[in-house]
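What follows is one chain in structure tokens, specifically the form predicted on its own.
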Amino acid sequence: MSAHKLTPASMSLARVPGVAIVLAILCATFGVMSPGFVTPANISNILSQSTILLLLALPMTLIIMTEGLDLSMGAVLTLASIALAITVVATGSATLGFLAALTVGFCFGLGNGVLIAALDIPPFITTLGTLGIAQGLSLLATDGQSVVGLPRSIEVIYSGSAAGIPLPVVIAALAYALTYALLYHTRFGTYVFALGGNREALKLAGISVRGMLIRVYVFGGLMAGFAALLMTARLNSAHPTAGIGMEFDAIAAIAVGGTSFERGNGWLFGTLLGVIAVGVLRNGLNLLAVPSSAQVTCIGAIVIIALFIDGLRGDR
């Protein structure tokens, strides 16, 4: 079996410029327009704020590499956060709360995978439906109100540090290392490349295409559940709309980072750069007091600009 597998060693530097140029322009622009942007404290803040998005974008990269999509990820993140907060408030156990969040993520990931792989329902339709289910359950469980009263042990997960490095950044780095190892150094990663680039080869090799698709979506659900821990710790509460729309930012970061939506071409480091670019844009616009509605427009614009630059260079 052969699959077109891109490794860091084989990636052409021509894949870098789109996202790298956009990131450099953003940093230079905000550095000039807002003096507080280039301070060490703000840079640390950008990295910490980008961690939740990275935890969503990493598995979304793998999903997109299979020519799939998960529109439910932001809603599942929200529901997992609510499950975590309600469990912690009721039991006083952060461990049980974390397990509750992972369970929510696992169930939705498994549900998405089964509907897409076993029932052949298109990913867009499937995850649009599960988005609605997760969002509805979030509102039902909270009656539209925030879940508060969380112990200090939850908040410190976001506000703490290890060896002077913010704890969220440490967690995100470990998540990136895990996903990198899975994608580039395991059979699972080889099969992910093949799902988008050479699915017939998988079948000829006796690999269950449906089983692999389910595993990819389960991985996405579990990562959303894991990200719920950071989001809940950051807000020190859980709100039924807190994560809604984050799947848009994740998809935007992946597109900016150079992952193709067809042929199984994915670049994990590009996703990391894309996440940082979105984080820089959000942070810079916040410093300039730009409304959140306008920020969504700006994120869409940088996706188009990055793809346009790559197109001029013949990267796509």
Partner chain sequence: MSSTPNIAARSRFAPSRDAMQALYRLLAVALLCIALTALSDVFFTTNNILNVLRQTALLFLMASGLTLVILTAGLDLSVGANIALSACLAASVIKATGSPLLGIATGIGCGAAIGFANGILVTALRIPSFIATYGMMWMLTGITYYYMAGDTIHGFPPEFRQLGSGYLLGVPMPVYVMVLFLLIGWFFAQRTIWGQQIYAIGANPVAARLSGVPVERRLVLVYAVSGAMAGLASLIILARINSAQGDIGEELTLPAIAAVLVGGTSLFGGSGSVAGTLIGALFLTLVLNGMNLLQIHSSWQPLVTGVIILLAVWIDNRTRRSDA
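Predicted model only: the values in this text are computed from it and were never measured. So that the term is clear: the rigid core is the largest set of C-alpha atoms that superpose within 1.5 Å between two forms. Numbering follows the first chain given and starts at 1.
Beyond what is shown, the protein has a form predicted in complex with the partner chain; the following relates to that form.
Among residues of the shown chain, residue 23 is not one whose heavy atoms approach the partner chain to within 4.5 Å in the predicted complex. At least one heavy atom of residue 291 is located within 4.5 Å of the partner chain in the predicted complex. A residue is said to contact a partner when one of its heavy atoms sits within 4.5 Å of a partner heavy atom; residue 53 fails this definition for the partner chain in the predicted complex, lying far away. Contact annotation: residue 269 falls outside 4.5 Å of the partner chain in the predicted complex, judged by heavy atom distances.
From the list 27-35, 272-280, 65-73, 42-50, the contact stretch for the partner chain in the predicted complex under a 4.5 Å heavy atom rule is 65-73. Proximity to the partner chain in the predicted complex, defined as a heavy atom within 4.5 Å, singles out one entry of 125, 148, 110, 170, which is 125.
Taking a 4.5 Å heavy atom cutoff to the partner chain in the predicted complex, the contact residue among 160, 211, 132, 92 is 132. Although the partner chain is not shown here, in the predicted complex the stretch 139-154 places heavy atoms of 139, 140, 143 within 4.5 Å of it, in sequence order. Core-superposed comparison between this form and the one not shown: the C-alpha position of residue 296 differs by less than 2 Å.
Inter-residue distance, residue 304 to residue 71 (Cα): reduced by at least 3 Å in the predicted complex versus the depicted form.
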